[in-house]
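Coming up is one lone chain in structure tokens, specifically the form predicted alone.
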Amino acid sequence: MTQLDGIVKPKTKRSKRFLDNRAPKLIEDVKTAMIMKGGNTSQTITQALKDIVTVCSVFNLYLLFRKNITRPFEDSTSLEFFSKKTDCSLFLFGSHNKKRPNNVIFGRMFDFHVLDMIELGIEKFVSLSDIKASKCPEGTKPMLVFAGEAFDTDNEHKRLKSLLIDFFRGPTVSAVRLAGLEHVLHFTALEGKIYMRSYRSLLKKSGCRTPRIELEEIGPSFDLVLRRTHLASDDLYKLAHRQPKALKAKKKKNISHNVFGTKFGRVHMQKQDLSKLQTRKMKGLRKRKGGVVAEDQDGQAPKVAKVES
């Protein structure tokens, strides 16, 4: 490939296919994530990264488990280089030092530049192997639950919620069967800490059509504390969420949808003439053939003409 005035021109068909795959699309591919280890790591960080890889087992991951001597908050050039090389838009970086022990950094890219980075410290960790319970099958799409007022009010927690959804949501599917909804990831924000728990939902008999649901903890379990953040500006964040006009649904007149996706239509009709409305024929509503003669003013009954038979 040759580069001229910032435009890369392919020389071979293989390089042309490569550039076409990297080119912007109306519907982007599933987001991929880099799992990276820093220069110094602990056993807790190594095991935590492995467990997160197991939770996201069939999602698109690019593992860089060798030591990467880099500090993302001081210099993010190496992260942007690896992102462009591997075509990854998410990353998880684990490190350990005396000042910030058991440190993990969740981040995402926009146009191969760092958009958001949030640093979390692991205060308590329980691995998958420490909890003796049957695990979910690999590739199970998790259900994400966020509890806590901070996820709705605090700006940093809002960005963290969006980042965790991007990281753990997995591929977009059109339909999910009921038996496949068995993995639950629960995030709780309470008193400045974030608790991450992983459960397996069990469908029990309830005596009716709707099953009774029980949750069984399967791990991993994290107690996290928020440390440093690097958030994009509102203008850049809005630009990253912009959608092409071809994907925006055209608004149809007199058609609306509710929060559950049910379609409602409004029909406009002309004014109806109720006098011509056909009703049920009853004996008491029939019209008489002869006219009714009103009573005289003196109160005498009207005379009835005699008819000879």
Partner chain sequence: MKWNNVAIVWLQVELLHVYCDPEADECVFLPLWHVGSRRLTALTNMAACSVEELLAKAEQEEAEKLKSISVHKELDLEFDVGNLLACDKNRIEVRDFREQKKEDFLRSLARDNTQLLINEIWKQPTERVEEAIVVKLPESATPLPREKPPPKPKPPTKWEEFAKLKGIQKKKKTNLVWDETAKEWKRRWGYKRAKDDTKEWLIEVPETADPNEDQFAKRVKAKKERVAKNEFNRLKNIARAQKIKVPGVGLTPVAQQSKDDLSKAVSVAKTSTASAGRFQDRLPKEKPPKNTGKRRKFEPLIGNFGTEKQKQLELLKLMDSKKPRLDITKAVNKQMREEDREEAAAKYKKGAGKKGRKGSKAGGNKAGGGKKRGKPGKH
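Positions refer to the first chain, counted from 1. Each form is matched to the other, and the largest set of C-alpha atoms that superpose within 1.5 Å is called the rigid core. Since the structure is predicted, the reported quantities are computational estimates derived from the model, not experimental observations.
One more form of this protein should be noted, the form predicted together with the partner chain, which is absent from this view; the next part is about it.
- Mapping the unseen interface onto this chain, H96 falls outside it, with no heavy atom inside 4.5 Å of the partner chain in the predicted bound form.
- In the predicted bound form, the partner chain stays beyond 4.5 Å of every heavy atom belonging to R71.
- Taking non-hydrogen atoms only, A147 approaches the partner chain to within 4.5 angstroms in the predicted bound form.
- In the predicted bound form, the partner chain lies within 4.5 Å of some heavy atom of K124.
- Contact annotation: of the candidates K67, R266, K252, K248, the single residue with a non-hydrogen atom within 4.5 angstroms of the partner chain in the predicted bound form is R266.
- Checked against the partner chain in the predicted bound form, the candidates R227, K135, R197, H230 yield a single residue with a heavy atom inside 4.5 Å, and that residue is R197.
- Although the partner is absent from the chain shown here, none of K50, I105 and G139 has a heavy atom within 4.5 Å of the partner chain in the predicted bound form.
- Annotation for 197 to 224: interface residues with the partner chain in the predicted bound form are R197, Y199, L203, S206, G207, C208, R209, T210, P211, R212, I213, E214, L215, E217, D223 [heavy atom within 4.5 Å].
- Once both forms are fitted on their rigid core, the CA atom of N155 lies less than 2 Å apart between this form and the one not shown.
- A displacement of less than 2 angstroms separates the C-alpha positions of A175 between this form and the one not shown, with the rigid core held in common.
- K99: CA moves less than 2 Å between this form and the one not shown after rigid-core fitting.
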